[in-house]
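One chain comes next, on its own, written out as C-alpha cells in the form predicted on its own.
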C-alpha cells in the first residue's frame, strides 16, 4: 500500500501557534471521522451522526469547523500544547513540524505485536515569526487568517479526491481501522507526532514578513 503524503506550510506569530495548528488538524479530522458504528449483526450496522461546532480564533481573524467532541478536542489540544512548548524551548528560531498520520492495524500472530500500516500523512511545517509592534501583529492576524482559509480549501480538495480509504470493517475488525475509544465520534486510527528543527528553510517566514512590509507600505 502506498501512503499518501501531504505537506502544508504556515508562518505564524508565537501566540498564534495553538490556533493555527488546531484549525488545520481539526479540519483534517472533521473529514476523517464518522459517527459511531452500531452493529445489529455481523455485516449489518448503522452509523451515528457527527455534530460540528464553529470555533472563533482569538489571535487570528479566522473561524474553523471541528467535530463536536470534547474528547477528541482534548486529545488534539494536548498534542498541540506539547508541540508549542517544544517549539518555545528549542532555541531553533521557532521552526518545527507536526504530523497527523492515519493508519490501520494488521493483526500479527502471537507473540508479535500488531503492525501499524500508515495510509495517509499530513505534515504541517511551522515557522514562528517575531513582530516588532502591535501594527504588525494586527496585519499578521489578518494575513494568517487568509492563509489558513487557503489551506483549509486545499485540505478539502485533497480529501475530496477518490483515493484509497480503508474498507469498512466488520464488527470484529473495527478496531483495526477506527479509534473506537471515544464515546461520541469515530475517527480513523491516527497518531500525532512532531519534530523541532532548524532545517525547514525560511521561505515561508520570508513571505510573511514581505506581506506585512507590503501592507505597511500601502
Partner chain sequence: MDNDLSPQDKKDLDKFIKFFALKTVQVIVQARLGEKICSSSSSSPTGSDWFNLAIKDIPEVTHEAKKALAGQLPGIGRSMCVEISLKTSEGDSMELETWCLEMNEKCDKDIKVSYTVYNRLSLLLKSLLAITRVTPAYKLSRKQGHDYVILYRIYFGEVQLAGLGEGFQTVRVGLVGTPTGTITLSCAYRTNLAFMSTRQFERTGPIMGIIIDHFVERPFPNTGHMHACDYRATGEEDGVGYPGVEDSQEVCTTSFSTSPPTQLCSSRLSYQPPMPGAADLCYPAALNSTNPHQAEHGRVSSCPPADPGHHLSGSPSTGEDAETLSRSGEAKTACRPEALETTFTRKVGAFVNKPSTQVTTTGLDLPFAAFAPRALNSEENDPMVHPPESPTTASPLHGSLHSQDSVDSAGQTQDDFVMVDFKPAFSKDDLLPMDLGTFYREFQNPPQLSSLSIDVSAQSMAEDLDSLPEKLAIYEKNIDEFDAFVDTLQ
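Residue numbers count along the first chain shown, from 1. Source: prediction; values computed, not measured.
The same protein also has a form predicted in complex with the partner chain, omitted here; what follows describes it.
Determine whether any heavy atom of residue 46 comes within 4.5 Å of a heavy atom of the partner chain in the model of the complex, and answer yes or no.
Contact with the partner chain, yes.
Residue-level contact is defined here as any heavy atom of the residue lying within 4.5 Å of the partner chain in the model of the complex; does residue 189 satisfy this criterion?
Looking in the model of the complex, residue contacts with the partner chain do not include residue 189, since no heavy atom lies within 4.5 Å.
Look up in the model of the complex whether residue 138 has a non-hydrogen atom within 4.5 angstroms of the partner chain, and give yes or no.
Taking the distances in the model of the complex, the answer for residue 138 is yes, it comes within 4.5 Å of the partner chain.
Residue 180: heavy atom within 4.5 Å of the partner chain in the model of the complex?
Contact check for residue 180: no, nothing within 4.5 Å of the partner chain in the model of the complex.
Looking in the model of the complex, is the partner chain within 4.5 Å of a heavy atom from each of 74, 86 and 197?
The answer is no; none of 74, 86 and 197 reaches the partner chain.
Is any part of 134-168 within 4.5 angstroms of the partner chain in the model of the complex by a non-hydrogen atom, and which residues would that be?
Heavy-atom contacts to the partner chain in the model of the complex: 134, 135, 138, 139, 141, 142, 143, 146, 149, 152, 153, 156, 159, 160, 162, 168.
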